[in-house]
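Shown below, as structure tokens, is a lone chain in the form predicted on its own; questions about how it binds or moves come after it.
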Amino acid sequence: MTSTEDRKTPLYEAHKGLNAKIVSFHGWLLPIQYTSIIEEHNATRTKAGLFDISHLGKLEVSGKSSKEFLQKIFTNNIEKALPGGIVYSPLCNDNGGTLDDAFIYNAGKDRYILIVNASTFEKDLAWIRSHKTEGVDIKDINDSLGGIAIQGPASQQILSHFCKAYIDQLKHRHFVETEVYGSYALLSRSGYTGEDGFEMFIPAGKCIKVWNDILASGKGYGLIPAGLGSRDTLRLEAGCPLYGVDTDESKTPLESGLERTLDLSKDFIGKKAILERKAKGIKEVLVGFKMLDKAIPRTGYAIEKGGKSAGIVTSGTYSPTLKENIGFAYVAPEDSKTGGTFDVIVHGEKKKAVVVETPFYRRAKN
């Protein structure tokens, strides 16, 4: 159900023109699908899909102390990203709980662009501003930029017609500030689908023209618009947890399977609490699983082992690529080993599932 209070992205009229099914998503009106989730999913895996990502939160942090500031508030080492690089990191509170996860773009000359989740933007902004130190400027650039993602094996060929930069030389999780079809663009080789692809943030007023022109030009390559429905099945196949669904403030990165993003050689907000929790031993951990019995797992389904409560499903879907039913769930560490089995309670019936390594899908590289 949509609300009159929901915000419209710069691409809202383009979605209406394509007869998209529009839904309310964390306060934004966004397309969930244009034709069918499976068609949009498969097109992205085999050709290309075009997504509206304007709802993602956007911040700019700059100033002579910006790196030290970001090192303090993010758990990962910001220095992993040289100018032109991107680093992924959780943002934790004093208790080690995960406030959000973010992509931090190092634009050079003490300037960083932060891309955060739509649902947490206001909370993130308030938190980050509350810890602001001297020599740091924080700028809300959320409304000035819209976002478009083109994902899939044909994405480079399609985008090369519009882009000034030599995008064939752009490495994964790197970006350039360039022009796309004559407009400023923060263009990165990144995405949340498991495919090769690009994400661009461009002036909001230019979005519809860029969207329409890419869509028209990409038709010959099999490009189609894709909505939130396929974005969710694609990200789950790619083994990407979703903030607010697979993790939240009640979980530290230890429980969420993100220990690799904790740089314990530096000080950061939440470090002490995370170390204490690690020393005591965590009680649950996020795992990937596949259904052995025929059933689709859904968010909130209970998990049992030996007839006793053993966890909960956070994400689940039918995988159009693997043609299996897959999901994420929190279980006890002793139940998290690959090959271990448990029961997912589906409409009151026990359905067998097995713990597997993630990602569920990994694209073949040339």
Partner chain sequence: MVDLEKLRFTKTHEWLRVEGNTGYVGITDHAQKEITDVVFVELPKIGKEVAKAGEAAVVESVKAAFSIYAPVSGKIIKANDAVEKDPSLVNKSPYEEGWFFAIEIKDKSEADSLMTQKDYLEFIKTGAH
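Numbering follows the first chain given and starts at 1. Model, not experiment: these values are computed from the prediction.
If you look for the form predicted together with the partner chain, you will not find it shown, but the lines that follow are about it.
A residue is said to contact a partner when one of its heavy atoms sits within 4.5 Å of a partner heavy atom; Tyr301 meets this definition for the partner chain in the model of the complex.
In the model of the complex, no heavy atom of Thr252 sits within 4.5 Å of the partner chain. Put simply, Ser66 is far from the partner chain in the model of the complex: not one heavy atom of it is within 4.5 Å.
With a 4.5 Å cutoff on heavy atoms, Asn106 does not count as touching the partner chain in the model of the complex; it lies far away. Picking from 45-53, 315-323, 66-74, 337-345 the stretch near the partner chain in the model of the complex, with a 4.5 Å limit on heavy atoms, gives 315-323. With the partner omitted from this view, the residue of Leu242, Ile138, Ile208, Ile296 that lies near the partner chain in the model of the complex is Ile296 [heavy atom within 4.5 Å]. For the partner-free chain shown, Lys21, Ile32, Gln33, Ser36, Ile37, Ile38 of 18-55 come within 4.5 angstroms of the partner chain in the model of the complex, judged by any non-hydrogen atom.
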